[in-house]
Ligand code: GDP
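Single chain ahead, written as structure tokens, the form predicted on its own.
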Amino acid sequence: MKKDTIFALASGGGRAGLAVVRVSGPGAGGALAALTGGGTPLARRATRVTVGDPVSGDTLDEGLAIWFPAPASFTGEDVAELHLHGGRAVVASVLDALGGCPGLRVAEPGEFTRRAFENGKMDLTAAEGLADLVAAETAAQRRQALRQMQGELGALYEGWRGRLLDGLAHLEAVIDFSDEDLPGGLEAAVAGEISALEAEITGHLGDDRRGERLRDGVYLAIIGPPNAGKSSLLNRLARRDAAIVANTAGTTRDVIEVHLDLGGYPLVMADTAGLRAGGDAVESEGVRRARERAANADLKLAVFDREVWPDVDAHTAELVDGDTVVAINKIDLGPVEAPTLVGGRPAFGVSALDGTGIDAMLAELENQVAARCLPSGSPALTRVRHRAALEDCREALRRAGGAGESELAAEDLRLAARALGRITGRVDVEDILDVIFRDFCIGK
């Protein structure tokens, strides 16, 4: 338990109808009593209070106080919350009054959640899920973050870790207690479990980074020749003038990004320079960046010019592949004539000027984005650090499976379990002894 007591505004900053100030630590009850002039209220019940400055005696606000005695609180410590009116002056005065209480200090960023982790209220994956939930901008992001915060991902990894500890305990028993009356076939059973775990982790890693895409956003690059209307199309989709539009070729020279919520999925859409040969040094650099962005994007939106159709810009057409949605812009000038396939991909006739055909193109984009984000049945892998630890775990399992001696296999299983423990933040070698004595009656 922490000896110091921390406090901070737990709700959003700025003017609002309601503000929540949280206090956590052994001095939370005393601070609450000092500011409200009474004892701590009944646990987990909202109680109307008058909040005052214990030094000056000034009344600061009237609001609600909620008392969460340890360990049944968010942080696992004594926690007090003051629900106040959200004016800046009210919040500032209450924070100043708390700062004047002996033993209290302002919380550091993320410190409430860190204390919750340190006090066993959540593992690291749940803490990361909470951070993702606060940052979620789309419905799909919210659903994924909520599943992770509620412990689904941590439970999966802890389940794997538990199976590793079982196998390790069995091998340790074979090594250290070979003279005892142990069940037969333990090493063969462990070998089978190692193979099964390696297959499950490999399947989990082979998710095409769906969880990471959903968390960070699907990246889409808008590509096409100069003056095809890429910037106009970006502005139409963003519903604002995010990019400069002009009749002069080569207006867009740098990458311009816009974040969209497309059917509940996050889309990061980038307008790029027109693809063509030649141009000055600045435009050439813009074309290089456009090609680089197209190469690294999850999706591409290739925009062609109706005014020159059915001629197709070769610089753009060569980048069309299975990850491309094709649009023929400026159909307000006239209907699109055959052919309507570019690189084997169907072409959508659209008008960035009046919006014709935009809905059909957006529906296809939504299908493509959803296909790259939809989770499988198991919880999604959401962070690079998870992936790195799982790859370390799988490599250790592969070594264990090929080890010729129980001692070597046991060491690799220990490393594999430690790698999983790094994800959840739970690494304890004493767990191995617990499993040994649970499964075997050593010294009976």
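Residues carry their position along the shown sequence, with the first being 1. Keep in mind that this is a model prediction, so the values were computed, not measured.
Form predicted in complex with this ligand: not shown, discussed below.
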- Query: Which of these stretches, 154-162, 259-267, 348-356, 109-117, has heavy atoms within 4.5 Å of this ligand in the predicted bound form?
  - Reply: 348-356
- Exercise: Asn227 in contact with this ligand in the predicted bound form, heavy atom 4.5 Å: yes
- Looking at the partner-bound form in the predicted bound form, is Asn329 within 4.5 Å of this ligand by any heavy atom? yes
- Message: Is Ser232 near this ligand? Define near as a heavy atom within 4.5 Å, in the predicted bound form.
- Response: yes
- According to a 4.5 angstroms non-hydrogen atom cut-off, is Leu333 in contact with this ligand in the predicted bound form? yes
